[in-house]
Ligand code: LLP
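Quick setup: one chain, the form predicted on its own, written in structure tokens, and binding and motion questions come after.
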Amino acid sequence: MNSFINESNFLKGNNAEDLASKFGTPLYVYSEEILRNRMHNVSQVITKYPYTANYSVKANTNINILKLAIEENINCDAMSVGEMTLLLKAGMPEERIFFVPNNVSEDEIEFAIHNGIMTSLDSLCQLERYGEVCERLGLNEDDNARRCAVRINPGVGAGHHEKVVTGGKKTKFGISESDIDKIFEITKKYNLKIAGINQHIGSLFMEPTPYLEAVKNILRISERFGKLDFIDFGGGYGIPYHKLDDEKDFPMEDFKAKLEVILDEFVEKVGYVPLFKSEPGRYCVAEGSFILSRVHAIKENNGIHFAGCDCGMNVLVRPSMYDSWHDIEVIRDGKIVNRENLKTLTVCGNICESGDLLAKDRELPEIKKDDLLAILDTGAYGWSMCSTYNSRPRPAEVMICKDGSVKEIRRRETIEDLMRLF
């Protein structure tokens, strides 16, 4: 693929240079059309049985994108009071929010209870704390808030980097299968009802087999809980980060067909049909954004050619944190530079850290000072993991709407914004 931006008609006739001039760089640019398309895809993963896709909002919490999720009829997972509040402000009904916290205080649990939001507990200790909060609030034994879920560690994990593997014996997440009897002891002690179970094995897998095996495993485990309201398989579907090298998409249709066979066997065995859920995050939003960044310096150090731009690790931390790959397109005078006569370049940011590298030893078209770089697939864990390190304000976000109009969906921070908390 020579250009994802051109082939997807990402900009819908808008000029990247005009966007950079109006909104400044670095700049997160989103495509409403791609976001809606990916959200619709995950909403159709299961069609034969009751199903909801719960978008994991930690991937991107911009309230305008949360509104798209509501319109595309997908539910949402939240990890904090902040994320629950954003969802409520966006207009998401409380019954469509699933609180899946990790090591939180009584205050956060109480917030979920007061707002009628289903909570999944990640450890025996947190389950006990949930029961204690119910007791302290004086909830009746049949109060709906005494219904909760538990997160099970399925004993298997998958992902492109150990820091995104969230299932398996070495991670901090979930309750081990060996502790299920203790779950029942705690629920009996506090008159709690386990309404559902959930899991998450990891993030960014492109081969469905580990996920399908984890589905079989959680369905097997679910039988120990009797008849559940819902069973949540987790998320993690990957996207092709090497798309300019023609990496294939996640095989969604093949995956759906194999998943349906597994569900058929389960339903026939247990004799009831729960609500099935999944927790896609990255798949919904990653491909729906790229970062526009201005090149401010070209240099050579000991035979290594550097292109220095204003997208530092404060703007996109994934390459520094996870060694993640992001394809880069070069834009000059508003046009994509063809991928020919490639040179070995290292693209770096403007942060005072040796690890502030976006692309190391990458084959790219020649880059010149004042070019724009389009850093692809930044809609997931991009802005949501931004920081103000080196006291640099966080960037603006704009959306290219389906009709081609441009909407600023988050203004750029200012130095004055940084000063207000002192």
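Keep in mind it's a predicted model, so treat the numbers as computed, not measured. One rule holds for the numbers: they count along the sequence shown, beginning at 1.
Beyond what is shown, the protein has a form predicted together with the ligand; the following relates to that form.
Comparing 22-30, 390-398, 369-377, 55-63 against the ligand in the model of the complex, the single stretch with non-hydrogen atoms within 4.5 angstroms of it is 55-63. Using a 4.5 Å heavy atom cutoff, none of H242, G312 and R362 lies near the ligand in the model of the complex.
Put simply, of E83, E128, E279, E329 only one has a heavy atom within 4.5 Å of the ligand in the model of the complex, and it is E279. L204 is the sole member of I197, V347, L204, L87 with a non-hydrogen atom within 4.5 Å of the ligand in the model of the complex. By the criterion of a heavy atom within 4.5 Å, G174 is excluded from the residues contacting the ligand in the model of the complex.
Interface residue remark: M385 is counted as part of the site for the ligand in the model of the complex, having a heavy atom within 4.5 Å. When contacts are judged by a 4.5 Å heavy atom cut-off, R146 does not count as touching the ligand in the model of the complex. Put simply, Y322 is close to the ligand in the model of the complex: some heavy atom of it is within 4.5 Å. Taking a 4.5 Å heavy atom cutoff to the ligand in the model of the complex, the contacting residues in 210-246 are G235, G236, Y237.
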